[in-house]
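Next up: a single chain in structure tokens, the form predicted on its own.
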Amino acid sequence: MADDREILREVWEGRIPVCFTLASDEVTSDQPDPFFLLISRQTYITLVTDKVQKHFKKFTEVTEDDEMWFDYEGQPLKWHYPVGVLFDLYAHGIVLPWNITVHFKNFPEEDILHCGSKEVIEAHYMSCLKEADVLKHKSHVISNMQKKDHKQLWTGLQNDKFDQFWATNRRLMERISDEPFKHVPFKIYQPHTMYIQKLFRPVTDQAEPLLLKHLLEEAGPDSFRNAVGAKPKILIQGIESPLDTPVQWLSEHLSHPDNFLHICLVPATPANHEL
């Protein structure tokens, strides 16, 4: 992998200012003040909102069975998507901060997975990481790591420590014998629908690099490939990505900590202006 450490650090340090408010129909005492956080794009929302829960619990009636969840403009937010993906899908182009509503009641069982503890988040993260290495290296790298390496990846993400995380993650992002990845781990998202995931090699049979436009032509939704007029914006890590970017480079530099390239296709409407 190219030693573009400054690019990796810039991506890691992406932040979103968020204003949390308690759902009005769940307030049982005085109206609580909003709670503001500057949240990493790389993390999961349930990993960084303990203080949010503590702040609002005293203003509502919460039982032992109640579980905190979030929505944006009525859209329940899937905690197992990285925060940056959620923002790009549903709030790209808004005037910041991102206003998120906090709930403790009426958990939307059909829309969101339960998240009873940080161990659930860790299990999901490690599962994604292992799947990504199966695609890239046929699992050769992660299977040769020790448990302490897995823990270093998780604690680096959990504690927002770039150096701690990349000291181990660089091994997962390196090419074996200078060969490109076997396949690129990616997911293509559109608002209000299931993501797309397919096998995609980053080079041709003649070892020519394939570009983002090739990936979208092969794996993108029909609505994107057959779009008439303005096509959706293509966002990776909140960046509008050029179609002529090599997919191998994108995978090495713009993947999330789960080692997947998360590609968001969002409507190119006036609301999606650049901030």
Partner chain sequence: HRLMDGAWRWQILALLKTRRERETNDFSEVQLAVERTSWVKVGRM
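Positions refer to the first chain, counted from 1. None of the values given here were measured: they were computed from a predicted structure.
There is another form of the same protein, the form predicted together with its partner chain; it is not shown, and what comes next is about it.
- Checking Ala167, Cys128, Met173, Val203 against its partner chain in the predicted complex, a heavy atom within 4.5 Å turns up for just one residue: Val203.
- Put simply, of Asp71, Asp149, Glu122, Asp160 only one has a heavy atom within 4.5 Å of its partner chain in the predicted complex, and it is Asp160.
- Between 59 to 67, 240 to 248, 214 to 222, 23 to 31, the stretch whose residues reach within 4.5 angstroms of its partner chain in the predicted complex through a non-hydrogen atom is 240 to 248.
- In the predicted complex, at least one heavy atom of Pro97 sits within 4.5 Å of its partner chain.
- In the predicted complex, at least one heavy atom of Leu38 sits within 4.5 Å of a heavy atom of its partner chain.
- Proximity of Val266 to its partner chain in the predicted complex falls outside the 4.5 Å heavy atom cutoff.
- Within this chain, Phe260 is remote from the site of its partner chain in the predicted complex, having no heavy atom within 4.5 Å.
- Using a 4.5 Å cut-off on any heavy atom, the residues of 11 to 29 that reach its partner chain in the predicted complex are, in sequence order, Val11, Trp12, Glu13, Gly14, Arg15, Ile16, Pro17.
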